[in-house]
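Below sits a lone chain in structure tokens, taken as the form predicted alone.
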Amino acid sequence: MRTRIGFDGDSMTAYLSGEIDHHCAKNTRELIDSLIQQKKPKVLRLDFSGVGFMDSSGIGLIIGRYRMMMLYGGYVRVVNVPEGLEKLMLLSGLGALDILERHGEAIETTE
């Protein structure tokens, strides 16, 4: 897995690519957390357009950054979610947080 970070004003985007599993999620978490603590962005975008596979470690990556951003008074957007990962994210309960977007549009949850 590779992670590229971009900044635009008070927002930070983490461009994720490859596969997210237990082995690679730790390094990505540490990188993102370090930059959040240093830069204190108002918005963190996690761009999943390059992610082909993820397990529960990917869900943990999202929830942990969501909690951290809440502590700093910011928020998270999970953007460019591939359709193949959307179902996993919705089943995990991420839809209830209203943070998911596919191609710039919010992903609707059905209850």
Partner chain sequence: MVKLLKPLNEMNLSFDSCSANEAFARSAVAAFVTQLDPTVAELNELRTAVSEAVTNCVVHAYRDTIGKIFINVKIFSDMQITVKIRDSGCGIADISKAMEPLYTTAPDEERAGLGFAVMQSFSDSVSVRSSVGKGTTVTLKKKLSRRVSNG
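Positions refer to the first chain, counted from 1. What you see is a predicted model, and the numbers here were worked out from it, not measured in a lab.
Just so you know, the form predicted in complex with the partner chain exists too; it's not on screen, but the next bit is about it.
Heavy atom within 4.5 Å of the partner chain in the model of the complex - the one residue of Ile59, Val43, Val79, Leu35 that qualifies = Selected residue: Ile59.
Heavy atom to heavy atom, is Lys39 within 4.5 Å of the partner chain in the model of the complex?
-> No, Lys39 sits far enough from the partner chain in the model of the complex that none of its heavy atoms falls within 4.5 Å.
So in the model of the complex, does Phe53 come within 4.5 Å of the partner chain, heavy atom to heavy atom?
-> Yes, Phe53 lies within 4.5 Å of the partner chain in the model of the complex.
Close approach of Asp21 to the partner chain in the model of the complex, 4.5 Å, heavy atom = Contact check for Asp21: yes, within 4.5 Å of the partner chain in the model of the complex.
Does at least one non-hydrogen atom of Leu91 fall within 4.5 angstroms of the partner chain in the model of the complex?
-> Output for Leu91 is yes: heavy atoms within 4.5 Å of the partner chain.
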